[in-house]
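Next up is one chain by itself, shown in structure tokens, the form predicted alone.
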């Protein structure tokens, strides 16, 4: 039996190297086809009429005018009269027509009468939530009341970050077409190719085996595209109503921002107790948030640091808004921002360097304490922290103030379930098949690297087929589980296939199969590398039937594990006259176990930092409390960072024996957790007051400078109502 482990560093020709993505040329040339690009013969275009009200009951629906319009092929009432609508943008009626303008005209011709009902769409003020507030259980550890009594420093503060929405470059949607009454072909923008058939088959009343799912490329998901949505089922229903013709429904940008998922908000009042030497001994927090009508879970407080004496209370607020979906490290950015802000405010009150403060308490970070210690040393060197850090609000000439901030984070990232078919043909060609998807993170490249590494072949010798549910099932790409799952199943499958090839080749070289190895396009004898066969010559020994194996995860051997730690530091400049924050530099030092492709790993972190700058400085969903509608469902006023807003990004990946031994661990989510906290802390260091809520827009910065002692502002030595 094959020994299921990763090759030793000295025997790796691909793993751990910087390898460019194999799909790069197709993407930069425009040849790569996304769901949005698919155009099927005789395809119809679907459009959806959405509720203009945040909370209402449907009284009546009249679709007669739309049904009579030339070019309209099907009209489907999604929610019947009498249905209660709970957010603006909810789907009411859909149409399919020969082109988009006709479909849009038909939508406008539909008449719906609503009975408006009371709504709540703004959750920042907990006292105004009324019956929409749903308190969760309080949690207590240790003796917080006693610890606060013994604390020599007590710092209190208010911190928060708003709802932000998913804003994928390729919006949600799919194309459905029937092949007869029972067989459905679906092209869909999804993070879970292997899961779609069951999800869409059930509401349509057909077996999952009758649903073919295809996706070549996807323009982003970030947690929002795990599920089949109502508009996907509606597209299939419209297709059947239109005689099986393909129907394409892709969300418009406003719908994408209103209904395709949010990251929940988080607000908290926090009290921290510490000794004069910086030892943290007590924590108390009252937090609240919304994840829309369905709640959004509570942020982990305190985050990473396990304070021995703590009391936490959380309240979820149900609002008449689109519901939460997973959003790259669910609830961790929220918990991180609240915790790291409160702790940096405590360090400021003590007039301690926050790096020294965090390191003094690093044992409270648990299993990754030593990882954080090592990472902070590297980050401090890259940022020149000891040279550039100053006490909070240090006076410098001119209106532009500069500051540094830091943060740390953790995540799981264990590998998901994955199956992989490996085929070695007698002519030497190699196929790898897996029902996974590449979200743009380099999954294709990583799978091919693992296969090529095992076989001792160049990358281009591997033919990889993914993005089709007819291939062996593999898990959804979420929770940073993809790389662990697909790399492990590929490694097991290729090792099994190679072992079978060795068995075929060994007699001709008069050795045992265990005496062979695959290196540089040859199958050779380990003890005498001059003896061997070329890969093609070796494959000729297979005979008439190809070698076929299936690799699985979980499986034998330890190829992946779970749990990572990372730290980040930010350098910002703030104009105290205009309130404008500029990011000068962000340093990220990140662990993810054994790295398959160093280039794509670094790229994951760069992307996370860019996303972090976006939510730290620009992103927020703005709701109109009176009408219940989102005011900025567009790319003009839903702000994202541009190239000139990012600053210098420095990424350092932790490598070496201790990290390799942990196997492959996911990386997609961890580095997006800390940017908001690190940048917020840097702004506080620069201007001398805490800007308590993200995003750090000019108006919030100026308000904090003008009113530093009110909730929503912050005192110069950290927190509101800070005391010793």
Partner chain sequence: MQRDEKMKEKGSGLSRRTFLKVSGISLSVPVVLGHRTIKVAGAEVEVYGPGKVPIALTVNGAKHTAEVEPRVTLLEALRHELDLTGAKRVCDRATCGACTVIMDGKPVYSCSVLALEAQGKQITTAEGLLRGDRLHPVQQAFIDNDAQQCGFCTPGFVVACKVFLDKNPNPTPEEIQKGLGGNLCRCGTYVGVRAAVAQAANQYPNRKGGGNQSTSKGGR
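Numbering follows the first chain given and starts at 1. Treat the numbers as computed from the prediction; the structure is a model and nothing was measured.
The following text describes the form predicted together with its partner chain, which does not appear among the structures shown.
- Residue 172 falls outside the set of residues with a heavy atom inside 4.5 Å of its partner chain in the model of the complex.
- Residue contact with its partner chain in the model of the complex: residue 525 places no heavy atom within 4.5 Å of it.
- The shortest heavy atom separation between residue 656 and its partner chain in the model of the complex is within 4.5 Å.
- Contact annotation for residue 643: at least one heavy atom lies within 4.5 Å of its partner chain in the model of the complex.
- The stretch among 599-607, 493-501, 293-301, 204-212 whose residues place heavy atoms within 4.5 Å of its partner chain in the model of the complex is 599-607.
- A heavy atom within 4.5 Å of its partner chain in the model of the complex is found for exactly one of 240, 119, 76, 652: 652.
- Of the residues given (145, 99, 431, 384), 99 alone sits with a heavy atom within 4.5 Å of its partner chain in the model of the complex.
- Taking its partner chain as it sits in the model of the complex, the stretch 483-502 never comes within 4.5 angstroms of it through any non-hydrogen atom.
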